[in-house]
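Quick setup: one chain, the form predicted on its own, written in structure tokens, and binding and motion questions come after.
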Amino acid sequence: MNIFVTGATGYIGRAVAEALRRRGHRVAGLTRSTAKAKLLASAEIEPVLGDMRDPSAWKKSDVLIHCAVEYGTDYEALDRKAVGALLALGGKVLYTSGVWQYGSGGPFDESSAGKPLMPWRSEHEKLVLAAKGLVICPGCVYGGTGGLTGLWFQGAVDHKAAPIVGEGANRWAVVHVSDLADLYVRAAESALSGELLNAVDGSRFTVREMAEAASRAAGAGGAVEALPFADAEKRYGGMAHGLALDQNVDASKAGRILGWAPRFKGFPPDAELYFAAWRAFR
């Protein structure tokens, strides 16, 4: 198939684009940087220079996958514009959302309403589902070169403690970036339409347990910095609300209908490998 991926040089988008290419598909990837365009070309992915503000160069394709994010005051408007442009191209659209849309609590599955952190994103999900596209809701992604776990590594390296919001008794729903990319491949190659799919690995480590593992891997001896929420909000902005969530999310639907089974079972067991990958990338 011909496949177009927005955000193809980002953390999730690059993993998705490369996994699709390894399956033999012809993949084009959107990137804002000529330097990163060379990285795409080296992975046999056709670079498309541009951003979400101007979709005129976007590639009409069999499958269109939206992984791009541009944080800022116009985040919502740009995402809405991107969704509209992708739907207008006429292929099967896969939209990246996230389990933070459920809010705290659970267990949540794809039928759960929840309390979304970004209500506008739920509206964009509805547009894609109504057009017979698919919505993928990853947990907090770890592994490879980035992810939220990088906050712990950076803190351990720079300040000898991995930062957490509160005392860390909460649990995140998480997924390894390679397992997530595998779900995108399965979804893109399937005849499935009009469905929302969670992507989490089912591990139930606390945030403190994960942060301590990251701290040990980065040479800080397991030390963590417990931030009161007000301080975390000053440091991370609105993202602090997501970091403070306590979630239990079910992803068995993807297993039932697409045969997806996460191979990685949580962050702490291989924290040293994840730190080495994060450090090497930088």
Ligand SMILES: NC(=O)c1ccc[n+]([C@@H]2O[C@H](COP(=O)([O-])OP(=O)(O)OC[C@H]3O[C@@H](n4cnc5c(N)ncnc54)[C@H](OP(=O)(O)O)[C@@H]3O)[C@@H](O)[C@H]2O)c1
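Quick note: we count residues from 1 along the sequence shown, nothing fancier. What you are looking at is a predicted structure, and each value in this text was computed from that prediction instead of being measured.
There is also a form predicted in complex with the named molecule; it is not shown, and the following applies to it.
S.K.: Mark L30 yes when one of its heavy atoms lies within 4.5 Å of a heavy atom of the named molecule in the predicted bound form, and no otherwise.
M.R.: Judged by the heavy-atom cut-off of 4.5 Å, L30 is in contact with the named molecule in the predicted bound form.
S.K.: Is the gap between Y75 and the named molecule in the predicted bound form 4.5 Å or less for some heavy atom pair?
M.R.: Because a heavy atom of Y75 falls inside 4.5 Å of the named molecule in the predicted bound form, the answer is yes.
S.K.: Quick one: is V83 in contact with the named molecule in the predicted bound form, heavy atoms, 4.5 Å cut-off?
M.R.: It does not: once the named molecule is placed as it appears in the predicted bound form, V83 has no heavy atom within 4.5 Å of it.
S.K.: With a cut-off of 4.5 Å between heavy atoms, is G98 one of the residues that contacts the named molecule in the predicted bound form?
M.R.: G98: contacts the named molecule in the predicted bound form.
S.K.: Check for me whether the named molecule, as it appears in the predicted bound form, comes within 4.5 angstroms of all of S122, H241 and A251 - heavy atoms only.
M.R.: Not a single residue of the candidate spot has a heavy atom within 4.5 Å of the named molecule in the predicted bound form.
S.K.: Tell me which stretch of 225-233, 212-220, 242-250, 60-68 has a heavy atom within 4.5 angstroms of the named molecule in the predicted bound form.
M.R.: Selected stretch: 60-68.
S.K.: Which residue among G133, G143, P138, P163 has a heavy atom within 4.5 angstroms of the named molecule in the predicted bound form?
M.R.: It is P138.
S.K.: Counting only non-hydrogen atoms and a 4.5 Å cut-off, give the residues of 9-29 close to the named molecule in the predicted bound form.
M.R.: If the 4.5 Å heavy-atom criterion is applied to the named molecule in the predicted bound form, 9-29 yields T9, G10, Y11, I12, G13.
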